[in-house]
Structure formats: C-alpha cells, structure tokens
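Before any questions on binding or motion, here is one chain by itself as structure tokens, the form predicted alone.
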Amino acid sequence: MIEVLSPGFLSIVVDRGRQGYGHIGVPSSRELDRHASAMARYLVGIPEDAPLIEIMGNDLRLRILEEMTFAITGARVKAVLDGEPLRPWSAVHAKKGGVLRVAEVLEGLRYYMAFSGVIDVEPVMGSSTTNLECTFGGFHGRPLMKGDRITLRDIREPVGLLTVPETMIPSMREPHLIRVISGPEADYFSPGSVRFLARRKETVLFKATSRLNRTGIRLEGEPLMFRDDAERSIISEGLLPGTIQVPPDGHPIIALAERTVGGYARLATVADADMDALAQIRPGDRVVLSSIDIAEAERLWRAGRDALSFYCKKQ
C-alpha cells in the first residue's frame, strides 16, 4: 500500500488507454508518454498494460507502507528516498515505511511512477485510466489527494535492479522538434503560411502557451493565414491524438488524449514517433514543426519500437 503525503500536481492513475469507445465520445485518456511508461513497468516487472501514476509538479511525497521496488521515469527529477538521493529511470528498492520525495522537476513536464505490484483500482470500460472530465476510472475518477491510500496487489521483487542507459532516455530540452504529416485541410491555408509542409528542409517555430493540459497544447507565434476562399472551421469529425487543428485566430492546437471530435481545420498530424515528446513540453517551450511523409513516419515508428524491444530482450 502507498500513502499520499503530498500529491504534487495532477497525479492520476493511467494505463495504455480506453480503446474502442471514440464513436460514443469516450476518449482513450491514455498515458501521454508511452516510452517512459513502458520503461517504468519493465523496471519493476509488472505487466505491460498495468496502471501506473502520471504526475506533474514538484513536492510529490509518498509513504511506502510495504516493502517493494519502484521506478520513476519520464521527466528528469530530483528525488530522494528517506533523505538519500536516488537515480530516476532505475529500479529502486524501498523498505516498509520509507518516504519518497520528488523535490523538483529538472527537465520535461510529466513523470511516471510504477511499483512492483499492480495498482488495484476498478477498471471502467476495459481500462483503469482516469477520465478527469467524466470523473470515472483511475482512483475514484480524480487526481490523488493528501491522505489517499493506494492498494497494490501481487507485490513481487523484480529480477535485479536495472538502470536505463542514457541512450534510451530521450532529451526533453527545448526546442522540441515535432515532425508532422500534412493534414486533410492543409490546403485551407495560404501557401506562404504553410510552406514548411511542402519544403522538407523548412520549419516553423511556435511557443507553447500556458493553456496546456491533457486535452491539448495551444501554440502561439506568427498566425497561420487562411486562404480568402477557405472556411475557418469544418463540420466536426473524428479526432486522433496528435492532430494539429487551427482555429480562426491562426494559432495551432495539438490534440492529446482527451478528445474524440473537433471542428477546426486539420493542418497536420504529429508522427507517432514524436507523440511522447508532446507529454514533456512545458509552457513557454519552443516547438519546431517539421514536415515528413508517411513512409518516413512509419520508418521512425518502427525504429523506436525495435529499439525498445531490443533493450528489453537483452536484459
């Protein structure tokens, strides 16, 4: 069991998502950094679809009420266990009664905690992830609060205490290079405004605003200009995570994991290989959009998948 002494900011139980319900308006609400989540699970030896905790903010404090192993991945953090510094992206053994504190987030935005036992929460629609808007799933459909006690089942010790090598930890420093594929309404914009979509060596620079959450990331910068004869919105259609929509003001919004439909022009879609990077963008960070084609997007996705699979198999 884990006791929450201080919840940080927006600490929620997540998993790989609530799939198959988009047609009735229920989003996946999945973990936003899939690579970090997969590595956390691997380090503590729990199933690849097991729930874990996604956290933002400083001063997370947990009391560990049973002897177990845990791992922190995702954003680089300054953390201590019973006052002793620990290394993130590593399996760490904790004794009964140990107090973990994440004092500061040094790089990135979201970090993940997994334990060598499965977080015991009731699945809703086939998933344990938290839907904050509808207040179901996860831990009573809400973020963790001071005094909460999280029950774990099937606690076991992983084989060895592994540490993820630096080569497997993505950089989370700005500027964030986000590669995209041209979207269905790319021709709604003036050619000069979206020149980067046609010229692969060109990029466009934006900055993430403070209007940033699990629903999406709003960008600011030089507004994208609509063609004079183009509509400023579309009939609402299905929306995938990574879709870049552009409202009439010309400032793009990158959709994340909490929407299933949208009514703004779809400029582009983020390549799957760069979706995890979106989870680590902070307010004020610079975001560089660069265009690639579908073949390159698939190549990047396969390379990332194969690297993770190779690392896990060789340990």
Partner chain sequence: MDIERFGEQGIRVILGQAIDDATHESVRRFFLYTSLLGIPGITEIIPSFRSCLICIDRERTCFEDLSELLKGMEDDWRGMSLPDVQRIEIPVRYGGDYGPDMDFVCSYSGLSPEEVVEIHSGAVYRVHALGFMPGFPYLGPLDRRIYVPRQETPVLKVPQGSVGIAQLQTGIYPFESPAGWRIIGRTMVRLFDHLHPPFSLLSFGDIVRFVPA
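This one's a predicted model, so the numbers in the text were calculated from it and none came from an experiment. Residue numbers count along the first chain shown, from 1.
A second form of this protein, the form predicted together with the partner chain, is not displayed here; the remarks below concern that form.
Could you work out which of 186, 162, 239, 100 is the residue within 4.5 angstroms of the partner chain in the predicted bound form, going by heavy atoms? Looking at the other structure, the residue within range turns out to be 239.
Selected contact from 134, 198, 168, 106, since only one has a non-hydrogen atom within 4.5 angstroms of the partner chain in the predicted bound form: Flagged contact: 134.
Based on heavy atom distances of 4.5 Å or less, which listed stretch (189-197, 230-238, 148-156, 69-77) is in contact with the partner chain in the predicted bound form? It is 230-238 that comes within 4.5 Å of the partner.
Looking in the predicted bound form, any heavy atom of residue 253 within 4.5 Å of the partner chain? The answer is no: residue 253 has no heavy atom within 4.5 Å of the partner chain.
Non-hydrogen atom contact residue 287 with the partner chain in the predicted bound form at 4.5 angstroms: No, residue 287 is distant from the partner.
The partner chain contact in the predicted bound form: residue 294, any heavy atom under 4.5 Å: Looking in the predicted bound form, residue contacts with the partner chain include residue 294, since a heavy atom lies within 4.5 Å.
Using the partner position in the predicted bound form, report whether residue 22 sits within 4.5 Å of the partner chain, counting heavy atoms only. Taking the distances in the predicted bound form, the answer for residue 22 is yes, it comes within 4.5 Å of the partner chain.
Taking a heavy atom within 4.5 Å as contact, would all three of 41, 61 and 280 count as contacting the partner chain in the predicted bound form? No, because 41, 61 and 280 lack any heavy atom that approaches the partner chain to within 4.5 Å in the predicted bound form.
Across 100-125, which residues bring a heavy atom to within 4.5 Å of the partner chain in the predicted bound form? Sequence-ordered list: 124, 125.
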